[in-house]
Each structure stands twice: as C-alpha cells, then as structure tokens.
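First comes one chain, alone, set out as structure tokens in the form predicted on its own.
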C-alpha cells in the first residue's frame, strides 16, 4: 500500500510569555493508504496540533512531514492551499459552516475552486448530501438543523471534492449516540468504497468498534502507534 502520511522527528513548540510549551516531541508516524486511524489522548495531549500540522494548517518547529511521497514545504502558502484543495478534506469539531448559506451552498463551497460549472457543482453536492442522509435538508440553513445534521453537512462538504485523505478533529464531540453511529457508518462506507484514508482525533470510547487502528499521544509524545486490526 502507498504511504499517505510519513512524519519524521516532528516537534512543535509554543511560546507563552517566558515559557516554551513542547506540544509535540519528536513524533515518528507512518499511515498507509486506506487506513482508518484514530489519534487517542486526553485534552492537551497534542492531538489537534498533530492533525493541524499533517493537514498543513500549521507548521512544525522541527522535523519533516511527507504526504503522498512528497515532502511538505511549509513556507509556500499558495502551494499548500492548492495541495489541500486537491487531496484533503477537513471536518472540524465546531462544524465551521457558513450560517447564512443553505446546506447545499455550504457543501458546494470547495467546488468553487474546481473547473466544474454551476450545474455540475449542484448535482455533485446533492449526491453527497444524499449519501449522508440529508436529502430533505439541502435548503435548510445551519440554524435550522440539529447538531448531528450540521455535522453531516460538514462531512458532505469534506467529501464533495473526492479527497484522498480525510482529517477530522474530535468529529463526534458534540453528537449524541445515534448521530455518532450514523457519522461513523458514513465514514466507514467511504473508506471501504473509495479507499479514503481517514485520520481523526478522539477520546470517544463509542468509536472503538469502528476504528481500524489507534495511536496514542501523551504529553506530546507518541506512546503507542497501534496496529491494524
């Protein structure tokens, strides 16, 4: 299998006044194409920081990140943005939906950077919204949707551009058990159908039965890289 993520000697420091906080400490990690992986660890362990660096939304203090066999140049912002739009999808804990846009309009946003025309963007967005069970909610704005429905809009938006890698930060943190189940089933189905590589942070024990591999962070140290089940 192709290596999608390779992290070598990755460290991240944050300076707060006279203190330096070592958020990540010499992380080494490899994730293959098609894996379904959870980063486990308590709040403050470095999960979100690691995800943000792998997603090229933040840059490390030291070390290297390779994505799809290509070393990431964190100094080239325009190249990083293009890389993210072509290969990655993101799901954030607070959904990050535009409150004045409908579900359909929110999902179409990533496609505005593609060559698809308006009809093609609409058709593709509706298709993905159907997959996440929101056929009858496409014209509703976020304020008219439940938390679980908003999260499914966020999932559809992350998947509409057919990413090769999906990154999700605590995607079930604000969801009830049924919404959590539906979300994980959608992600597992996409993982199975298209070989989508999924990496998400969570300490939600409800997810254990869905996870192929768990890696553990503790005080910025990778203490367990897990194994494929």
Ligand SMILES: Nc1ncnc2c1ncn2[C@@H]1O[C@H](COP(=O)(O)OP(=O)(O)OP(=O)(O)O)[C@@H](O)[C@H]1O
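Residue numbers count along the first chain shown, from 1. These numbers were taken from a predicted model, which means no experiment stands behind them.
Beyond the structure shown, there is the form predicted together with the named molecule, which is absent from this document and is the topic of what follows.
Using a 4.5 angstroms limit between non-hydrogen atoms, residue 16 touches the named molecule in the predicted complex.
The shortest heavy atom separation between residue 23 and the named molecule in the predicted complex is within 4.5 Å. With a 4.5 Å cutoff on heavy atoms, residue 44 counts as touching the named molecule in the predicted complex. At the 4.5 Å threshold, heavy atoms of residue 188 stay clear of the named molecule in the predicted complex, well away from it.
Of the listed positions (197, 161, 49, 180), a single one reaches within 4.5 angstroms of the named molecule by any non-hydrogen atom in the predicted complex, namely 49. Figure note: of the listed segments 172-180, 61-69, 189-197, 35-43, the one touching the named molecule in the predicted complex, with heavy atoms no more than 4.5 Å away, is 35-43. In this stretch, 176-192, not one residue has a heavy atom within 4.5 Å of the named molecule in the predicted complex; the partner itself is omitted from this view.
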